[in-house]
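For reference, the chain that follows is the form predicted on its own, supplied as structure tokens.
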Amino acid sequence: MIDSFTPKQVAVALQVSESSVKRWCDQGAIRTDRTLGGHRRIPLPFLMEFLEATNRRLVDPSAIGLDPTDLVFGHGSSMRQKQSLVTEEPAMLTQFEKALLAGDESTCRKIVSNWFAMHGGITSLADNLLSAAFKSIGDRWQCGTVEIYQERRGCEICCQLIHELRRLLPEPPGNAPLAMGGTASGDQYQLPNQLAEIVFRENGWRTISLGTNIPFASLLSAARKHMPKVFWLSVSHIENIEQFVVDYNHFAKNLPKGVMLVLGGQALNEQVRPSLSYSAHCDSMLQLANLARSARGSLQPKAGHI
């Protein structure tokens, strides 16, 4: 792999114009070296520095000779380091679960990054790695072979890693539709809510995550103030089902007109869902991503209209 690139190569990798890259170089946004002939060259560390500072990602890494493992482990990683992680999904899942239970954030980061690079998005990572690992950990906790602190620590690690991945996504345009959401009172589960937020963001939405354990009255106040096109509610835990149904349906009834209410979460079983009013329900992040793309497409201006 080469260590520095021309502005044209970087432009193809970023899917922007060459003139934009040259302008960023001249403005100092991308640090550059110069050849003896005075031509710009962009070393890989300087390019990665630019990506970090601007929350951009490489759309076509192959344009500068990078493959997913280069992106995962970074410039200068040895082949021995690259071979330390398996690449078969079942083995990666097993290794990830072990790393979560051990509190090994470094290994978790490498596996999450590798999975993300392999699949090119968040949905497989969410559904087939994170959800699968925590389901297994939950089953082991029920059997008494895992301590609750191990599960909680693993959640904290994953929340941090998802936050890091979020920074790699391009900033949505200012006119992108807004999605907002959170969890209701008594529901402290951060990870599913965080995943819902990044799925919308990955699919071109502006997002506002309200966080966890928010009273319905406050969720409604936020929706009325910001007027999102979509409001998601992540429901992983319900303390009192009867009270939840009453409070939720009052919230749903009083949402501003035109707001799509989207539900998801492990607590929404077949006994609870029939009592709730909503626009859409998603059983997976893949379904949520499909909904986000479809809903965003329906909001695009039609031909002949401004």
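Between two forms, the rigid core is defined as the largest C-alpha subset superposing within 1.5 Å. None of these values were measured; they are calculated from a predicted model. Residue indices: 1-based, along the sequence shown.
The form predicted together with the DNA exists for this protein as well; it is not shown, and the discussion that follows is about that form.
Undergrad: Contact check in the predicted bound form: P7, S20 and G37 versus the DNA, with a cutoff of 4.5 Å between any heavy atoms. Do all three pass?
TA: Checking in the predicted bound form: P7, S20 and G37 are all within 4.5 Å of the DNA.
Undergrad: Quick one: find which of 28 to 36, 244 to 252, 276 to 284, 257 to 265 has residues within 4.5 Å of the DNA in the predicted bound form by heavy atom distance.
TA: Only one stretch passes the 4.5 Å heavy-atom test: 28 to 36.
Undergrad: In the predicted bound form, does R57 have a heavy atom within 4.5 Å of the DNA?
TA: Looking in the predicted bound form, residue contacts with the DNA do not include R57, since no heavy atom lies within 4.5 Å.
Undergrad: Does H237 make contact with the DNA in the predicted bound form, using a 4.5 Å heavy atom cut-off?
TA: So H237 does not count as contacting the DNA.
Undergrad: Core superposed first: is there a CA shift of 2 Å or greater at A11 between this form and the one not shown?
TA: Yes, its C-alpha moves 2 Å or more.
Undergrad: Using a superposition on the rigid core, decide whether the Cα position of S20 changes by 2 angstroms or more between this form and the one not shown.
TA: Result for S20: yes, a 2 Å-plus shift.
Undergrad: Say whether the C-alpha atoms of H163 and Q15 sit closer together or farther apart in the predicted bound form than in the form shown here, given that their separation changes by 3 Å or more.
TA: Farther: H163 and Q15 separate by 3 Å or more in the predicted bound form.
Undergrad: Explain in one word, closer or farther, how the Cα atoms of L14 and G204 are placed in the predicted bound form relative to this form, where the distance changes by 3 Å or more.
TA: Compared with the shown chain, L14-G204 is farther in the predicted bound form.
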